[in-house]
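There is one chain below, alone, in C-alpha cells, taken in the form predicted alone.
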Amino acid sequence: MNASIDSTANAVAAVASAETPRAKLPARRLSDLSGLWPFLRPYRGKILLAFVLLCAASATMLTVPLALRDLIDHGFVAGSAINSHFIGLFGVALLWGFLVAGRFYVVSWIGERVTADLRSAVYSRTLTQSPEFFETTKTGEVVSRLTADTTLVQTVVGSSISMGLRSSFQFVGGMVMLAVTSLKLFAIILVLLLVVVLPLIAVGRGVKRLSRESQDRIADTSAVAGEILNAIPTVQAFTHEQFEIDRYDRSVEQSFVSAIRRTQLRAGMSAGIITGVFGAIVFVLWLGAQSVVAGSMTAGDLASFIVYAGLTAGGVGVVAEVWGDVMRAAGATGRLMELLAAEPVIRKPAMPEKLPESRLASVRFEQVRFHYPSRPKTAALDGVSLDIREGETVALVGPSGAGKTTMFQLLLRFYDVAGGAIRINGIDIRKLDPAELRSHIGIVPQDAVIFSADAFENIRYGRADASDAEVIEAARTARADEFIVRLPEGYKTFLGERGVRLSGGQRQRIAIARAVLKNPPLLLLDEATSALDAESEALVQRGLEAAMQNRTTLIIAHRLSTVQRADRLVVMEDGRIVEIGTPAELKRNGGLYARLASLQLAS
C-alpha cells in the first residue's frame, strides 16, 4: 500500500505545478476534482462494480411506477390476479434494497480507502519538505488540510458523488419515462425546467468561490490554535490568556461569517431549484388531471407519471444538495493538490554518490556563502572556509547571529549553499542522497524534542532496530539511566506530550542518549548542556566525552567553560570566521574570544 501511495504522490506531483500553498490562489473549478484520479485509479475494479450496482438499482427503481400503473389499470379488474401484482411489487422492492446496500458498501469502502491514501500521500510529501517550506507555511494549516479538507473529500467520494450519480440517473431516467408516458406533458415540463434551472447555474460558481474562502478561514483558525496550544506555559507566564482567547475568537468569527455567506447562497440556490422544479411539476400534473377527466389519459398513466415526476423532482433536489458538497470538495482538493505539488527544494541527486564506510568523518567548508530565503539581503555565511580533520573536536563560538547554527543546518543539508561547497570525506554533500548524509550525522539540539511515547521509544528514535539492551546502554552513557529507572514504569513510562513530565535537563539527556545510540561518524552538539544545572552538566559532560571518543565532533557553545578541552575553537562574527586556535592561543591574541572569555571565565 505504501508503494501505491508513493507512486500516486509522484504521479500527482509530475502533472501539477510546483506552488507554495499560501501563494496566490487561482480560481478553482469542478475540474480540480480530477486531481483525485491518481488516487482512484488503483481501485478501478471496485469503482466499476459500484457503477454497475448503481445502474442496476436505478433501473430497478424506475420499474416501480410501471408496476403501479399495471396494478391500477388491470389489478382491480374482476378476475385479475391481484396478488401477483403485489408480490411483484415486493420483489422489486427487495431487489432494489439489496442493490442499494451493495452500492452503499462498495462506495463507502472506496471513499475511506482513497481518503486514507490521500492523507498518507499529503503527509509523506509534507515530511520531505525542507525547512524553507515551513518558513512560509504554518503547521496548523497543514494539519487543517490533512483533517478538514480530506474529510470533505471523503464525504464526496464516499457518499455525495454516489448520491449525485444516483439522483442524476433518477432524473434522466425519470425524464425518459415521462416522455414515454406522455410526450405532450413531458415537453411542457422540460421547457419549464430549463427556465428555472439555467439561471441558478451561475449561482453555483459563487458557492464554489465562497467554499474555498471558508476552507481558508478554517485553516487560519487551526493554525492559531496549534501555535498557542504549543506555547501554553509562555502564554500563561505573560498572562496573555484573554488576549489569545480574543484573537482565536476573532479568527473563529471570520470563519463563521465566511461559512454563513456560503450557506446562505447555497440555501438560496437549493430553494430556487426545488421550488421551481416542484412548481413546474405541479403545474404539469394539473394538466394531466385535466386529460384524465377528458378521457385522453388513463388513471394508471397519470399515476405512473406522478411517480416519475416525483422521482425526477427528488433527483433534482438531491443533486442541488450534493452540488454544494462537490463544490466544497473541489476547493478542498485544490488545496490538497497544492501540498502534493510542492516540490522539496532539497532533492536526491539522479545518480547519488556513496560515502565510504568509515568510523570517522572529515568535513571541509570551501568559501561557503548562504542567505536564508526569508532574508535574501542578509548574508548568514559570507565566504566561510574551514577544515575539520577526522576525529577532531571543533567548537564554534561567537555572539548570537554569527552563523554557527547555519553551519549545522547546511551540514545536514536542510538548505543548499548559495556559493562554495561543503564536503564530507571529500564528497560534495550535494552529490549525496540526503537520507544517507543524515544517517552519518548525529545531533543533540539545544531544544530537545521528546515525542509522545515512553523512554524506550524516545531513545530508540536514534536507531529504530536497536535492542532494549542497546537503548539502556546509550542511556547510561548519557547519564539518563539514573533518572529513568526511578520513573513509575522505568523505561516504559510515558513521557508526556513534548516531554512535559521531564525537567529540561532530563529531556536533554534523553536527546543525548538518542544521538549516542545512533553512533554516527559525525556528531553535532548544539548547546547540548545549556539546559542543565551544574551537577547535571558535569555528569552529562562525562557522557559526552565518552561519546566523542574516536569521533569527529562539532560543537556550538555559548558557555565557553564547556569547550575548554576542544582541539580547536572557531570564533565567528557576522557570518565570517574571525579567529581559529586553541583556547590558550585565542586568549593570548586578545581578540573577540579573549573579550568573551574575560566576561564568562573571569571568576
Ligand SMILES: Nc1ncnc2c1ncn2[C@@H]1O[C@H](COP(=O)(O)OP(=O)(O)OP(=O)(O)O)[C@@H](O)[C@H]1O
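Residue indices: 1-based, along the sequence shown. Small disclaimer: the values here were computed from a predicted structure and weren't measured.
Same protein, other form: the form predicted in complex with the named molecule, not shown, and the subject of what follows.
In the predicted bound form, do T136, S222 and Q254 all put a heavy atom within 4.5 Å of the named molecule?
No residue of the spot touches the named molecule in the predicted bound form.
May I ask you to state whether S160 is within 4.5 Å of the named molecule in the predicted bound form, using heavy atom distances? Although the named molecule is absent here, S160 would stay clear of it in the predicted bound form, with no heavy atoms inside 4.5 Å.
Open item on the list: in the predicted bound form, does S258 come within 4.5 Å of the named molecule, counting heavy atoms only?
Closed with: Flag for S258 set to no.
### Query
Does T405 reach the named molecule in the predicted bound form, with heavy atoms at most 4.5 Å apart?
Contact check for T405: yes, within 4.5 Å of the named molecule in the predicted bound form.
Answer with yes or no whether Y123 is in contact with the named molecule in the predicted bound form, where contact means some heavy atom within 4.5 Å.
No, Y123 stays farther than 4.5 Å from the named molecule in the predicted bound form.
* Which residue, K46, H558, R576, R542, has a heavy atom that falls within 4.5 Å of the named molecule in the predicted bound form? -> When the named molecule is considered in the predicted bound form, the option within 4.5 Å is H558.
Practice problem: Select from the listed residues F494, F451, Y105, Y372 the one whose heavy atoms reach within 4.5 Å of the named molecule in the predicted bound form. | Solution: So the residue touching the named molecule in the predicted bound form, by this definition, is Y372.
| query | Just one stretch in 395-403, 144-152, 453-461, 468-476 has heavy atoms within 4.5 Å of the named molecule in the predicted bound form, so which one is it? | reply | Result of the contact check: 395-403.
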